[in-house]
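Taking the form predicted alone, here's one chain by itself in structure tokens.
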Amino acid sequence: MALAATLDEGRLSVFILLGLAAMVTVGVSLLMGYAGQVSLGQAAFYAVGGYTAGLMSVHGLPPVLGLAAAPLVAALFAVVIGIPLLRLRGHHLAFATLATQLILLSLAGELEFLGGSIGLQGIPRFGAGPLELGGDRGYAFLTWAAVAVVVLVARNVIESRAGRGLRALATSEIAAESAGVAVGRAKLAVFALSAAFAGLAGGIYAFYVGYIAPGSFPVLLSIEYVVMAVVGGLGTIWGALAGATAIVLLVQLLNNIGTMEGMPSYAPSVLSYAVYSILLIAAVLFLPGGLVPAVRDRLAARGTKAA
């Protein structure tokens, strides 16, 4: 929050996008780290939140109401599709979530009330009553206030009785079930919670950019969230934040390189795919637990030696 007050205007947009990515990645980290479910379609819930907030606002409803509805509708959508999808495991579930995103984007491109392939335009700025966020600094405060809420909710869930069941589920599904954990219900709850986080981020994104279209939520975005969660450390809130920070800054660097004079128009996306692949492989090979657990273990080892 302090950075939102001190960063110059030119860097605030990156700071806002970082906060939005962090919200989604916290959900992905919970889903993959605790429930052991791989989602390659998390950007679908980001899109649901964005379209919900945008659609309600362009039809005259208060932006506050649109932003409040964004995570709720995304979570409800996750429950509806999660009941059949979560019967799948491993790569079958990953491909099913990926297919869900592709189907959703195809529908959004065909439905006129969602703006079709042109997209939903004229989304008003976010505001409450006479107050309206006019610049990036206001959106930076809004975004990072939402990040704080997401972190607080995730932390409370992990520390709760349900969270203890999730930790048992992360260790062994069979052992958790034999210990009385309602495995199916727990998976569905984490799936819906991660979708709600993504929906909230999508709602803020819609108000921030004022325009959304199916092209705003590419498949690459879902892969990006998975890479962020894996690189930072699955099942850790701080790992999600660290992974999101590292990848967003790297993406900005790749965009700068890819848009340099003489580079082809497809260079930014090609560079992104290549770097994501390299990072994912490197993380699995050399940092299987992720950045934050690796740093934490190294500090603990130093403390033990010093003692």
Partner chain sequence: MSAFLSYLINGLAVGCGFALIGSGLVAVHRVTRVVNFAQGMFAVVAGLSAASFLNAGLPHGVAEVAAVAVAVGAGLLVGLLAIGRRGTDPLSALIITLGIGILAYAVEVMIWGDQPRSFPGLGGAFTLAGATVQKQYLLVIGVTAVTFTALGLFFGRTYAGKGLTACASNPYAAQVIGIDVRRMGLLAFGLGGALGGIAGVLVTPLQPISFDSEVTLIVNGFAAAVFGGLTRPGAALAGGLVLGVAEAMVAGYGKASYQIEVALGLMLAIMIWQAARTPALQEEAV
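Remember, it's a predicted structure, so these values are computed and weren't measured experimentally. Residue numbers count along the first chain shown, from 1.
Same protein, other form: the form predicted in complex with its partner chain, not shown, and the subject of what follows.
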**Prompt:** in the model of the complex, which of the listed residues (88, 148, 76, 157) lies with a heavy atom within 4.5 Å of its partner chain?
**Reply:** 88
**Fill in**
in the model of the complex, the residue from 80, 99, 182, 209 with a non-hydrogen atom within 4.5 Å of its partner chain is 99
**Message:** Please identify, from 197 to 205, 137 to 145, 100 to 108, 157 to 165, the stretch that has a heavy atom within 4.5 Å of its partner chain in the model of the complex.
**Reply:** 100 to 108
**Asked** Each of 121, 216 and 254 near its partner chain in the model of the complex, meaning some heavy atom within 4.5 Å?
**Response** no
**Prompt:** Does any heavy atom of residue 278 come within 4.5 Å of a heavy atom of its partner chain in the model of the complex?
**Reply:** yes
**Prompt:** Is residue 285 close enough to its partner chain in the model of the complex to count, meaning some heavy atom within 4.5 Å?
**Reply:** yes
**Message:** Taking its partner chain as it sits in the model of the complex, is residue 32 in contact with it (heavy atom to heavy atom, 4.5 Å or less)?
**Reply:** yes
**Prompt:** Though only this chain appears here, would residue 94 touch its partner chain in the model of the complex if you measure heavy atom gaps against 4.5 Å?
**Reply:** yes
**Fill in**
Those residues of 159 to 180 with a non-hydrogen atom no more than 4.5 Å from its partner chain in the model of the complex are 172, 173, 174
